[in-house]
Ligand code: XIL
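Below sits a lone chain in structure tokens, taken as the form predicted on its own.
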Amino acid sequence: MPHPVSRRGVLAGGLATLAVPAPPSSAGPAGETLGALATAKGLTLGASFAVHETDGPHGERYAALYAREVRSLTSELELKLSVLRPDPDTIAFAPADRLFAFAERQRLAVRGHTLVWNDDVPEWFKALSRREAGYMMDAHIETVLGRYQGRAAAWDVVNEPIAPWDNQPGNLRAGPFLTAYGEDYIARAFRLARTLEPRAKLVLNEAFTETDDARGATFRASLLALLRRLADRGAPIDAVGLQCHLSSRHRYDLPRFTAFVEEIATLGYDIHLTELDCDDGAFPRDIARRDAAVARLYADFLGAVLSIRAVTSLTFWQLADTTSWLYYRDLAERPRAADRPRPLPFDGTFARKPAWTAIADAIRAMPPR
């Protein structure tokens, strides 16, 4: 799960209202946007959205891109516990309020990300006792869902429950919520969320399942086993989110991955692709060749996965290269570099790239939902 520290500090903005200009002429023929193409097939298409990007010099163009191109916004940082609760006495709702207000003005759905994540807690939270951490988990869910009740179409209730390197039973991720309630923290969080959000899609979101390597195999097996246990307990999970941060450095066996996705579907869950992008670091430095390689990877991956009717939602992790976590990470690690990552369907000027065409073609080719 991308969570670059360098982007967190800019979230403390006020409640300024952003005026969105008319879409630029580069939008193409009427209706020819990714969001419109997906809607015609019954697929919800969205992207993560960072309210602080609207405060920069590119803010109006950034907002216009989202208003035009997608139908759903995922909160990138604004609803994470470490951002909402920087200290025990503060609940910083202002950035999330801005995101919901923007989405509602533009008639875009919201995906709330995320309520419970063992790997994203502020330092003060780590000092809580087991009993206090359990109480705070419940209180946090009740507080956040109480404030935004009925305003989000989906919630990533539990994020990244699997982490084999933590050496816990079931390969579960260690952290205060697991310590407080054991594995039952997951079902407990979903049950509590359902009492407050009877109509929103409740999602369990996981990473690292798509690669054809030992890590991918471990995550796939561990997630399937966990989903079966949760189904036996009657946890009210509507969909499973697969992050799908693609990489030029990894191998992909798409028949094997699609078989895994189909297996999740047989358990009765919808599948959401929740954080799609492409780390192009191992692709050629030449921009034309690199963009072509990124487009091919999107085409191959989406061509396979969107053929599965249980996949009902597709979300990119940002839309434009220069607002990607990969771009910000690279900027911090290589401040003087002449080249930067190009992981998304739009470039730094918010113009379409070959990846946009590959994604659009995959959506056109998919069976309707």
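As the structure is a prediction and not an experimental result, all values here were calculated from the model. All residue numbers refer to positions in the sequence shown, first residue = 1.
Note that the form predicted in complex with the named molecule isn't included here; everything after this is about it.
Contact annotation: K80 falls within 4.5 Å of the named molecule in the model of the complex, judged by heavy atom distances.
None of the heavy atoms of K201 is located within 4.5 Å of the named molecule in the model of the complex. A residue is said to contact a partner when one of its heavy atoms sits within 4.5 Å of a partner heavy atom; R188 fails this definition for the named molecule in the model of the complex, lying far away. Heavy atoms of F260 never reach within 4.5 Å of the named molecule in the model of the complex, leaving it off the interface. Shown without its partner, this chain lists E210, E275, E197, D280 as candidates; in the model of the complex, only E275 has a non-hydrogen atom within 4.5 angstroms of the named molecule. The partner is absent here; in the model of the complex, the one residue of F219, W117, Y298, F100 having a heavy atom within 4.5 Å of the named molecule is W117.
Considering the named molecule in the model of the complex, the lone stretch of 134-142, 103-111, 251-259, 72-80 in range is 72-80 [heavy atom distance within 4.5 Å]. Residues of 147-174 placing a heavy atom within 4.5 Å of the named molecule in the model of the complex, in sequence order: N159, E160.
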